[in-house]
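Same chain, two versions here, written out as structure tokens and called structure 1 and structure 2.
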Structure 1
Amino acid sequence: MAGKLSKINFNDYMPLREVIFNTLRQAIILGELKPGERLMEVHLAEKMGVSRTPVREAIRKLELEGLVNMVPRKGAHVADLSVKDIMDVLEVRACLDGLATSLAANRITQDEIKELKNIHTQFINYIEKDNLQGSIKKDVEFHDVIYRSSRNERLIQITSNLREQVQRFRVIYLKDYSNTRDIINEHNEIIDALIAKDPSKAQEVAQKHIKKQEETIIKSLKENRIV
């Protein structure tokens, strides 16, 4: 009964508002829509071939997600993201990454550890080959597995939003961004702590990992004379 046809093409309906929401969100995160840029309903609507209604609903959601600022009766703008903003984000993220990793130390399965090692190996390969996009992708996946292993949905949701902000910041300010080899060792430490099922060690190294990321960003901001 449950062949391919009954599995596929069932729940693939997406409201226009969702499509618009995802499109705009991606555009903001990838820097195609720049901070401060005005979001005009009619303009966006005709550009995407829809009416104002789904555009407005999408903007409402972006507003709550903090990617868009609204002034009633004036309009919507792409939210600014200051250095202070991202420092706030990283301060929280360091803490929550520590939490996620310490929880994962107790809750991660053997399969997930295997998966983690696998991703890490691919990460190393991309780094060796200077493939930035690849290494970024594997870095994201690496942390995805850890968050997932924390078995805390709320934590996953919050950190995913925080990572989004960091990604956005990089695109806006740090066009010369690159993944350093140091990260390999830091990830190794994390894996070791997880295998050892040592929560406090896991917390420590994960927190250190984000703090180093923060330092890297600050260093890069200084080199670019931004701060």
Structure 2
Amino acid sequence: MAGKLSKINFNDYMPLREVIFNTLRQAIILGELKPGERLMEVHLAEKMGVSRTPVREAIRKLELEGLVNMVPRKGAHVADLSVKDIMDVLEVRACLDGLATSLAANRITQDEIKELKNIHTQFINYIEKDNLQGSIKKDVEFHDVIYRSSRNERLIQITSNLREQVQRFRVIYLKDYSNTRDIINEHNEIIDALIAKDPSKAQEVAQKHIKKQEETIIKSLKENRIV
């Protein structure tokens, strides 16, 4: 259990409970802690070289984010990934991304277009180097620029509530390097629609991008018998 976890690096600027929480959350998102895996406080504490109390607090916080399930008499488990969960989350994400991108088509600045292109170039570089962490970071930044360019604070707030669940799916999606050419092409289509200031096209390609992500994730999880 929790084979890839190791003793944590203490951060003088962050409370211990936050360091543990971020460490466990990252392990779940990256798939190092598998769906359905039991989270035993004593084992996790030993692995990370800390006491059980901050581990217990971190697990409770992860439950609030939907990354951990507490089962009576069975304890804490990493939340399972079901096809229904994936479809529910990404249906919402497709609508939100479509709206954000259509709004951005009319509101994005030339500086933001330049920023988007630069991030996309970095994303491609990380993909070519098989750098998963880097490509994930740049994919997040790419979509963050679009949401910021929508100039709609409520929309940004709503999508932030899905952030951790979406990030978990993003890792599964980007781990499969067989579909990276499609991702690059879809990002290019989004950029082109924004440059053209075409809200309808921007919405269409943004939603297509998330739909393709949904199909790829479900296929990957089924092939690996996770769902």
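The structure displayed is predicted, hence computed values, not measured ones. The first residue in the sequence of structure 1 is number 1, and each one after it adds one. Definition used throughout: the rigid core is the maximal C-alpha set that superposes within 1.5 Å between two forms.
Structure 1 or 2, which would you say is the form predicted alone?
The form predicted alone is shown as structure 2.
Would you say Val50 moves between structure 1 and structure 2, meaning its CA shifts by 2 Å or more once the core is fitted?
Indeed, Val50 is displaced by 2 Å or more.
Superposing on the rigid core, I want to see if Gly134 changes position between structure 1 and structure 2 - specifically a Cα shift of 2 Å or more.
No, its C-alpha moves less than 2 Å.
Determine whether the C-alpha of His187 shifts by 2 Å or more between structure 1 and structure 2 once the rigid core is superposed.
It does not, since the His187 C-alpha is displaced less than 2 Å between structure 1 and structure 2 after the core fit.
Rigid core superposed, Phe169 Cα shift between structure 1 and structure 2 in Å?
C-alpha shift for Phe169: 5.2 Å.
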